[in-house]
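Okay, here we've got a single chain as structure tokens, the form predicted alone, with questions on binding and movement later.
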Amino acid sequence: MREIDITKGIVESHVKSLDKALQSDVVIVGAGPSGLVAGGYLAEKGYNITMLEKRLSPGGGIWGGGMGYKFVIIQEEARQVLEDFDIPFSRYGDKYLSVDAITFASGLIYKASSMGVNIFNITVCEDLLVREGRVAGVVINNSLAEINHLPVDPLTLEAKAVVDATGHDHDVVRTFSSKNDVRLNTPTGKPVGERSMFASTAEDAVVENTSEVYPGLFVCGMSTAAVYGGYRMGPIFGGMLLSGKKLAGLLEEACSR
């Protein structure tokens, strides 16, 4: 066993994966439930899907369940997505499903990856690549460089479409809107801001507002609440799953343009 062989194996494998990401069909920023679902469905159909997660662990806001109680609730309407991603569940009442948050998060990550999603952790999208009035890719850097405010120049990935799946922070849309004189597809032309909790309304809105907010730039999951002024919903995740499923259809159309 030689240490240099271990290092070469890591470097060469990573470079091969990064090379595949340089020209993606879709780059999804944020590895939460809606992004993982959309990416999984698309990758399974043969699309080149790159996913960027700024934290060490993908999975978004699932891991903590509700206030550290390790279960989340999902509506019956989203059961098919759970079954497609091989996530076990138990019934709770007539309308809900109870899912172990740790199994849920790890299961979505594993299934999306096995479907072909190319996931990079500790990687932040610090800006977008724009060309002739549309988003054409992402500007990326190592998360540690951003956290420590290091003057490290980024790399770029090209894509036919980019998704803001960063959740409450809506990092991608917020940065894009603040840096460019553009009008988004929102009531104000800018991110509206997330409202307080109203679960039933929020669950419907997160699916309804999963959309193309600017040519080549899409939003899904909790990013829709921040961008379109929706309510938050707490530890119920059916809308997130259905948002991802809807997004997969929208992105398939976008990739065929």
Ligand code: 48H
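Residue numbers here begin at 1 and follow the sequence given. Since we're looking at a predicted model, the values are computed, not measured.
Just so it is clear, the following notes concern the form predicted in complex with the ligand, a form of the same protein that is not shown.
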property	result
Interface residue in the predicted complex among 219, 49, 38, 52, criterion: non-hydrogen atom within 4.5 angstroms of the ligand	52
Single option in 207, 29, 43, 227 placed near the ligand in the predicted complex, where near means a heavy atom within 4.5 Å	29
Stretch in contact in the predicted complex with the ligand, which is absent here, among 151-159, 80-88, 93-101, 119-127 (heavy atoms within 4.5 Å)	119-127
4.5 Å heavy atom contact, residue 249 to the ligand in the predicted complex	no
4.5 Å heavy atom contact, residue 62 to the ligand in the predicted complex	yes
Contact label in the predicted complex: residue 190 to the ligand, heavy atom within 4.5 Å	no
Contact label in the predicted complex: residue 168 to the ligand, heavy atom within 4.5 Å	yes
Residues within 4.5 Å of the ligand in the predicted complex, restricted to 226-257 and counted by heavy atom	232, 233, 234, 236, 237, 240
